[in-house]
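One chain follows as structure tokens, the form predicted alone.
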Amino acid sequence: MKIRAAVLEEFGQPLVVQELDLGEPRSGEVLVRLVACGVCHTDLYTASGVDPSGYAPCVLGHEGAGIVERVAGDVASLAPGDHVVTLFAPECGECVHCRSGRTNRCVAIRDQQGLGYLPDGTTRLSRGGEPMRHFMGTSTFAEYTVMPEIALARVSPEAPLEGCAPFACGLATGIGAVLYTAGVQPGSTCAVFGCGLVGLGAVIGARLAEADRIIAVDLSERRLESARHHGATDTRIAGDDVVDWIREETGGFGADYTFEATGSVHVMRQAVEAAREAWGLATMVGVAGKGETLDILPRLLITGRRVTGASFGGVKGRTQVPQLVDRWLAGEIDVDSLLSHRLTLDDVNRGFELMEAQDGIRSVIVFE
């Protein structure tokens, strides 16, 4: 079938919206009609050429939500008409990692996915008869996409798909980092560094976890205002003095849990230093630049602080994304306030511009 999609032709250049061919789903695959797709920093990161694992040409996009159109004969968990959220982090339920119960890092299709192919080592996208690679196993900057069954989460049909899209990456990552990776306990103190969509998700997660105090740190007063709306009890403009301020505010010890959501290694170090002596846990959620390293003084660890990372917030996509969407429907999460711009596919590069200007929280492409 013919589809329109936004293609990354060359690193550092605008995406080009054009017509491509999309093949039928094969064994274990599903055809999805996209209704909405968030414009995420990971897409910009790859388009810029900074991502060492990036490749071109390909169809970008991974924060998608849509409706199942067709399924291959052996697909058992999905049917035409189902509402789904796309998952760059699949959940097969059968690999060694899924069976462990200790991680969401499913390895069933990772190798081919990282190379831009579907599980059988081929692509469904093509142009002029030449294959074109997929992105993160999703390629949702397109009217339609073909994806593995294990990389789609079926969600309530009552949930507007525009609002479901951020649960495919940014929002779920932030919430999950708090609830699933860090396991924040009620009555604790949390500090969140960075109040973009992921950081605001962490603020929301801390509220859902019933943290007693939620400190939000950002360079933008406007984003700090949004953090207060979503549950932050304290806010602070980012700066070199923020670690000392957090310690002063916590009796000299630091926060029980800290979350870094900027991708800056300087801020990552602040998150470690602001974690409480003896049991503080610093969770790294942001993606650092190519070749950057995080320097940590050993005494910070010897005195009890711990450091961990969160891939997709530790969220098990097929199991837990639907649960998070249900919490939105129950009124526990204000998703509408996070959707700042609604764009068409032809405006996809405008979405990148808005992100670089820090204009709004999440731009969403809405398909006709």
Ligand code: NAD
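In case it trips you up, residue 1 is the first one in the sequence shown, and so on. In this text the structure is predicted, and so the values were computed from the model without any measurement.
The same protein has a further form, the form predicted in complex with nicotinamide-adenine-dinucleotide, not shown here; the description that follows concerns it.
Taking any heavy atom pair closer than or equal to 4.5 Å as contact, tell me whether Q358 reaches nicotinamide-adenine-dinucleotide in the predicted bound form.
Because a heavy atom of Q358 falls inside 4.5 Å of nicotinamide-adenine-dinucleotide in the predicted bound form, the answer is yes.
In the predicted bound form, does P160 come within 4.5 Å of nicotinamide-adenine-dinucleotide, counting heavy atoms only?
Because no heavy atom of P160 falls inside 4.5 Å of nicotinamide-adenine-dinucleotide in the predicted bound form, the answer is no.
Wondering, does L197 line up within 4.5 Å of nicotinamide-adenine-dinucleotide in the predicted bound form on heavy atoms?
Yes.
Is G231 close to nicotinamide-adenine-dinucleotide in the predicted bound form, meaning a heavy atom pair under 4.5 Å apart or at it?
Although nicotinamide-adenine-dinucleotide is absent here, G231 would stay clear of it in the predicted bound form, with no heavy atoms inside 4.5 Å.
Mind telling me which stretch in 112 to 120, 90 to 98, 259 to 267, 243 to 251 gets its heavy atoms within 4.5 Å of nicotinamide-adenine-dinucleotide in the predicted bound form?
Going through the listed ranges, the match is 259 to 267.
Among the candidate residues R223, R213, R133, R154, which is the single one with a non-hydrogen atom no more than 4.5 Å from nicotinamide-adenine-dinucleotide in the predicted bound form?
That would be R223.
Just to confirm, with a 4.5 Å cut-off on non-hydrogen atoms, which of L338, L324, A47, A310 contacts nicotinamide-adenine-dinucleotide in the predicted bound form?
So the residue touching nicotinamide-adenine-dinucleotide in the predicted bound form, by this definition, is A310.
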